[in-house]
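Starting off, we have a lone chain in the form predicted alone, written out as structure tokens.
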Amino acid sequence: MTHDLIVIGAGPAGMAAACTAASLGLKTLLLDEQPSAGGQIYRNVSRADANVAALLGPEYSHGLSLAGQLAQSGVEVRHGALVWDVARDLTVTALQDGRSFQVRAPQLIAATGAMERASPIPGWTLPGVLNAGAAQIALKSAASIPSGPVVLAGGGPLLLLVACQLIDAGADIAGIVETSPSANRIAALRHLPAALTVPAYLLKGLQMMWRLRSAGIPHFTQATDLAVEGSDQAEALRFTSGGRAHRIDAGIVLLHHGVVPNTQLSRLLGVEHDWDNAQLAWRPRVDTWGQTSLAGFRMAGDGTSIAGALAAEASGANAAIGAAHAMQRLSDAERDQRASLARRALAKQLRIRPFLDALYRPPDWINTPADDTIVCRCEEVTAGRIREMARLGCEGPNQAKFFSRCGMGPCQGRVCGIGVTQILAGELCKPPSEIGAYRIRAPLKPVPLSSVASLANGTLEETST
């Protein structure tokens, strides 16, 4: 063993977990792929330009306090460390500065966050088509905004937030095209009473809607039949809204249909997962303390279920307390007492989720793309090819991968995985829970062969616990 606890990911959940663990006396190592702490939500928060930080608002700046706590915590932090394998004995293999190394601890917390859901529409693989979150990351990390006419399409709070931020940053927004169907509003109504107990979120939503309206930007709702036009580059977005066909010229199209838990690592370790029909995504099965079905392996934050940054922070603290208890550093009573604050904070944040999940549930047509639409962009496999695999007898993504190379590209199915499950489920008339997901193998991301070879002469880093 090299440490008591290893945390993967320096977003809100990872930073909270590491700080909490250190405060409980655990020798903690935090591995993070980015050059500085913050994850995606607080990306570059400790280095961001003051004007950009002001534009992103106090919710973004909250990450600065977390990053400050981490810097003062005594946690061993390694930035630029890409975790590309974790064994079931919790040995972690990572790449940093061109060299792979291994560390191991009896407790491991994965705070790997979320990723944007793929939006497979015609033309979504053209240059100029990005996820909305990508535009926000460019703003956070490089104070950069897309040039030329920009159209945003999809649904969810992030779509509205990015639109407002780009407007304030001076981007040329040609239109906003929301795809959430009207039925979502009816479904969300029954969750409204609980949402009203956390009015700050509803107020923020109303403020964003007012900002968009006051900017005078064309705003379309309940849109269907989206397609990006262009030959070598996105040139326009066409769609149907209000019973009429529309077309907006734009060299940049930002798509967003919500975020889903990043389960690559938990899939690699083969822990139990469930299909969440409210969020239309897989999530690892965890208990109150983030413990998965593999002893010592815990998860926290949006990697377990989408709930937002403040909920992730609370769940990270809970997971660290659970790890300390498992290592007999805390009694049952001490564990429960220390976790009481975080558990109340988590419960408060979760009250809004059923409302948001229902209101911004992705339209069904996102899960049923036309046969000629590319779903696996790495290997250019279409929806029709996946359906053909089902008709030939493939009953799950792994068989479809074997016969079609779907999910075998550099992203290892991170982008297309959920879509493939849903297309197969539709074609086979089975629920996604019966279809399953890709089986993940290391390396989680491409790494140089030389770094892998160097492990042959290496061992675990110095044993100190």
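No experiment lies behind these values; they were computed from the predicted model shown. In case it trips you up, residue 1 is the first one in the sequence shown, and so on.
Separately, the form predicted in complex with a small molecule exists; it is not shown, and the next lines address it.
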property: Contact test, all of Thr112, Asp302 and Gly308, partner the small molecule in the predicted bound form, heavy atom 4.5 Å; result: yes
property: Candidate stretches 286-294, 219-227, 99-107, 113-121, one within 4.5 Å of the small molecule in the predicted bound form by heavy atom; result: 113-121
property: The unique member of Val259, Ala188, Ile173, Ala324 whose heavy atoms fall within 4.5 Å of the small molecule in the predicted bound form; result: Val259
property: Contact assignment for the small molecule in the predicted bound form, among Gln349, Gln136, Thr382, Gln279, heavy atom within 4.5 Å; result: Gln136
property: Ile41: touches the small molecule in the predicted bound form, heavy atom cutoff 4.5 angstroms; result: yes
property: The small molecule contact at Leu31 in the predicted bound form, heavy atom, 4.5 Å; result: yes
property: Heavy atom of Arg298 within 4.5 Å of the small molecule in the predicted bound form; result: no
property: Residue contact check: Glu59 to the small molecule in the predicted bound form, 4.5 Å heavy atom; result: yes
